[in-house]
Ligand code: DLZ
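The chain below stands alone and is given as structure tokens, in the form predicted alone.
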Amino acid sequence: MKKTNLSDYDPSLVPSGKEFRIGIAVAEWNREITDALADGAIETLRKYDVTEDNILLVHVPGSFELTTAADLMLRNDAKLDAVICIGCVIQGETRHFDFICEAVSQGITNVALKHEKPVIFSLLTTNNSEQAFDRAGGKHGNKGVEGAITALKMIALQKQLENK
């Protein structure tokens, strides 16, 4: 059976974020979509007890700048447990889409490894605006919600493994 809402998750498997500090970097390009994704992430973090004071939200011009933002956030705020990178790249007529998507995915991985903290890929890479809206609170859920759940789970995993 094909899953239609990609943001479905089992709430019993989500740890409390009461003690977690999480950064969110949001691209301003395709802002209507990225704002919806950010709202989903923030709402979900709050649902799982991350306090408003423990959510650091920054905006950057576009998706390409998400990796720099994540790196700066982790370098300048030692208390951050993770960063969620939120953006939206919609396929156009040129190869620009390919270069941006590849750079952001590689960059996020590199920042996570460099800082040894979770850096979450919540970048929509869609063929058109309709697909993006479907994944920003539409019929396929909200990728921002997925990013928040992933951050909570990865922080808990890191803390669990570090405490062994």
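All residue numbers refer to positions in the sequence shown, first residue = 1. Since the model is a prediction, treat every value here as computed from it, not as a measurement.
In what follows, reference is made to the form predicted in complex with the named molecule, a form of this protein that is not presented.
Asks: Quick one: which of 40 to 48, 93 to 101, 135 to 143, 109 to 117 gets within 4.5 Å of the named molecule in the model of the complex, going by heavy atoms?
Replies: Residues of 93 to 101 come within 4.5 Å of the partner.
Asks: Test of understanding: in the model of the complex, would Leu80 fall inside 4.5 Å of the named molecule by heavy atoms?
Replies: No, no contact at 4.5 Å.
Asks: I'd like to check something about Leu74: if you look in the model of the complex, is any of its heavy atoms closer than or equal to 4.5 Å to a heavy atom of the named molecule?
Replies: Leu74 lies outside the contact set for the named molecule.
Asks: Is Phe121 close enough to the named molecule in the model of the complex to count, meaning some heavy atom within 4.5 Å?
Replies: Because no heavy atom of Phe121 falls inside 4.5 Å of the named molecule in the model of the complex, the answer is no.
Asks: Residue-level question: is Asn54 within 4.5 Å of the named molecule in the model of the complex, judged on heavy atoms?
Replies: Outside the cut-off, so no.
Asks: Note that the named molecule is not shown here; using its position in the model of the complex, name the residues of 32 to 47 with a heavy atom within 4.5 Å of it, in sequence order.
Replies: Result: empty, none.
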